[in-house]
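Taking the form predicted alone, here's one chain by itself in structure tokens.
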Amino acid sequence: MKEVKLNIDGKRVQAKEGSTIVEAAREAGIRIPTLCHHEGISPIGSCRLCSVEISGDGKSKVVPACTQPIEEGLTVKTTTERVLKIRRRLIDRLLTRAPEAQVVQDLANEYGIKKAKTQDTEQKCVSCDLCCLCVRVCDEIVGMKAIGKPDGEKGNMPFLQNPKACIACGACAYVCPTGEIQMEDVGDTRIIHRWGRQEEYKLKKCSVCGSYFAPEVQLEYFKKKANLPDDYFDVCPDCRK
């Protein structure tokens, strides 16, 4: 694949054609903060924390680095005053919305934002207009569309819009950047904590070793999807070897 040469913060960088600025910067060891970005999910640039200033042909503009493709000879600056002003404003908003999220607190400390909590809440979710990784992973990767975006009636956070579609895979917990979604297996039960609620899912017990290894609802989905025999998942992967 063709290599593209560009300049990021005065450093000459070479990256694969088709890469975004975020990807090129990470390959070069240059950190650009992100919240709505995950390498396995299509980028949408919603949180804008990755804003950078690019220039070419005598013009400069601010763009989200996670969606902006690299170009030959492009000059990128990640910490101009224009960029820092945008990030501080966004982080201030995040701190107001989700004051208990550690990632938000860390960003506030990094950018020198000291603001008292303006709401009595333990909320960690930064909401879908700023980061909708849970919604997108459930749709794009898992293909279930169990999680919905805020619609006014449900408040300003994502919600489980189709409980029957959830297969308890934990993908939403894996990509959640703030820790609002958490998952744990306790005995024969998988527990998922989301947006102040808790859902429980029964785990399948291996007929050989007796260990609990996966949610029954997930295994049933796989059996129907792949037209597998009814007893296909009676044995856990370890005992199947």
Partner chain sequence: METFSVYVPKLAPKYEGLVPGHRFCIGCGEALAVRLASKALGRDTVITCATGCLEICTSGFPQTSWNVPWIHTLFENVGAVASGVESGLKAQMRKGKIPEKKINSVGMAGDGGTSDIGLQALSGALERGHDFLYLCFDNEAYMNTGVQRSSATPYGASTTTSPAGKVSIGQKTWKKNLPDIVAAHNIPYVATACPSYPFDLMEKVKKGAETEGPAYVHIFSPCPTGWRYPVDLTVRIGRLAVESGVFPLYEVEDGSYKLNFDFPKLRPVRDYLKAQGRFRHLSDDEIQNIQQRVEKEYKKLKVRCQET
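Positions refer to the first chain, counted from 1. Everything quoted here is computed from the prediction, not taken from an experiment.
Just so it is clear, the following notes concern the form predicted in complex with the partner chain, a form of the same protein that is not shown.
Visitor: With a cut-off of 4.5 Å between heavy atoms, is residue 4 one of the residues that contacts the partner chain in the predicted bound form?
Guide: Close contact is absent here: in the predicted bound form, residue 4 is far from the partner chain, nothing within 4.5 Å, heavy atoms only.
Visitor: If you check in the predicted bound form, is residue 27 within 4.5 Å of the partner chain, heavy atoms only?
Guide: Yes.
Visitor: Would residue 233 show up as a contact with the partner chain in the predicted bound form if we use heavy atoms at 4.5 Å?
Guide: Output for residue 233 is no: heavy atoms all beyond 4.5 Å of the partner chain.
Visitor: Would residue 99 show up as a contact with the partner chain in the predicted bound form if we use heavy atoms at 4.5 Å?
Guide: Taking the distances in the predicted bound form, the answer for residue 99 is no, it never comes within 4.5 Å of the partner chain.
Visitor: Report the stretch among 36-44, 194-202, 50-58, 63-71 that approaches the partner chain in the predicted bound form to within 4.5 Å, counting heavy atoms only.
Guide: Flagged stretch: 36-44.
Visitor: Within 4.5 Å, heavy atoms only, which of 165, 141, 90, 108 is in contact with the partner chain in the predicted bound form?
Guide: It is 141.
Visitor: Among 76, 126, 169, 134, which has at least one heavy atom within 4.5 Å of the partner chain in the predicted bound form?
Guide: For this set of options, the contacting one is 169.
Visitor: Which residues in 197-214 have a heavy atom within 4.5 Å of the partner chain in the predicted bound form?
Guide: Heavy-atom contacts within 4.5 Å come from 208, 209, 210, 211.
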